[in-house]
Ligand code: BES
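Given next, in structure tokens, is a single chain: the form predicted alone.
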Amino acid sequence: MKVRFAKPGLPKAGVLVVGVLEGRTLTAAARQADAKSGGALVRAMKHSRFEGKKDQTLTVMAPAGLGVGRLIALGLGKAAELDGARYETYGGRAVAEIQASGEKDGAIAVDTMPGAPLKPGPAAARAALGVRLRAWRFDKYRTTEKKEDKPAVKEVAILTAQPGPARKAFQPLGAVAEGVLLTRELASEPANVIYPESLATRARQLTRLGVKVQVLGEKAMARLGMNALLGVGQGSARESQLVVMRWLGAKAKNAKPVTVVGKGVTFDSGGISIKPSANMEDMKWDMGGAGVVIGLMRALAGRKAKVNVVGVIGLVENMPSGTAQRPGDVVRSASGKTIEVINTDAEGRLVLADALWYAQSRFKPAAVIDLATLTGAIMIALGAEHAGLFANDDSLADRLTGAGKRVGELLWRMPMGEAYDKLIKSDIADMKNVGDGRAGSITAAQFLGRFIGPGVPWAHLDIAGVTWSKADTALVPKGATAFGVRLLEDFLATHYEGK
């Protein structure tokens, strides 16, 4: 879908979306549309429950005098709440209404109020970001879908008093959107299309944007002693991979990078500890953390971010076979620490153990952040509303939490401590890969923490509950969410960029 910026006015066809504030206060565009239609919008409001509250909608069909198929009023809520996030939601809700209309084009009027924190250009840019995020659709395999079930809209115009500044403000936001949509695409692909080698190939494509990409195969990882990671993939016919992506955009080229590590289990059957068959198809997105890292690197390179970031992703397929890892096996990780594998379905932490160690020992980062669809327990604790945050550094945790609030990707900090660490004590090795069933997300984080070097600020984001959405939201259509791309991009831009 094409998004363009244009000066305020009334389109001659399609759908026009205008904003109305709580209390039925019309914005400038709404007033103009109402006047041209002979008061049709105000009359419709009087005969409805529409009050202009956040996300309320009211449709006026074929209003006289406007020349559009329908006029849609969208509630903006209170004027004091019209920040950037609110304009994004407005854009997302608006394009969803346009897509559902069956029209081929639409226009979204973006007005700012006197004294508002955003000027017209930036406000329009944020609305356009909402349009890009919500309009995305993964339909490449729908070969028999009926025409009436497909969105017909080809172009959306964002109407603003400052189209030039809006285009400028949208350039970096557009790059972030591209990173988000790339992550959604990768997570949506089936496991016969996205597997370790093919996902590594997709990461290699970032070299076109200036990202330096290195791929390590199984022989190279074996030389590095990455037996924890390799053990997970040894039952699969697919070769495991470790991908390193470097974006070096900081003014000081020798500035310590922030390293972001992602779990990339392209399909998780559970291995010998095989999962129940119900919903096992969802395990194609167990590479969600790795997908976020790829999307983040795409976003940073796309907007030429002035920051040094290294992305490391461990890519494996966890399958049962005659060569698969067995419960009770003991592996020696790259760090030299030994792990008793009690449950082969607790595989993501084994992948991350070696990837985290490698990231620290090679790049000496300023901070390490990992993302993983790691535990079902975090879904029990937090549902789909928050990702779990575990950290050894309060400042890092606070900064990540703040970034999440700014972009609407919420984190909830979970506890860690010695009592939890004792739960993964092994009788025959340095540790075991699961506890006794209690505090499963926490014991997983404790396990990862054992592979973080002294003095290294580290945070672990368990995104199992937020990587896939079962319903449409304002900015995310049902399916892959790419939760984490915008959060980490904001975190890096706020606290590391340009320094």
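A residue's number is simply how far along the shown sequence it sits, counting from 1. Here the structure is a predicted model, which is why all the values come from computation and not from measurement.
We do not show the form predicted in complex with the named molecule, though everything after this point is about it.
- request: Run the contact test on 346, 373 and 434 with a 4.5 Å heavy atom cut-off to the named molecule in the predicted bound form and return yes or no.
  value: Yes, the whole candidate spot contacts the named molecule.
- request: Please name which of the stretches 248-256, 144-152, 281-289, 331-339 has residues with heavy atoms lying within 4.5 Å of the named molecule in the predicted bound form.
  value: Partner-contacting stretch among the options: 281-289.
query: From the list 82, 310, 96, 377, which entry has a heavy atom within 4.5 Å of the named molecule in the predicted bound form?
result: Here the answer is residue option 377.
- request: Find the only residue in 268, 111, 354, 88 having a heavy atom within 4.5 Å of the named molecule in the predicted bound form.
  value: Comparing distances to the named molecule in the predicted bound form, the residue within 4.5 Å is 268.
message: Even though the partner isn't displayed, in the predicted bound form is residue 362 close enough to the named molecule, meaning a heavy atom within 4.5 Å?
response: Answer no; every heavy atom of residue 362 is more than 4.5 Å from the named molecule in the predicted bound form.
Residue 275, heavy atom within 4.5 angstroms of the named molecule in the predicted bound form: Residue 275 belongs to the contact set for the named molecule.
Touches the named molecule in the predicted bound form: residue 461 (any heavy atom, 4.5 Å): Residue-level check for residue 461: no, no contact with the named molecule.
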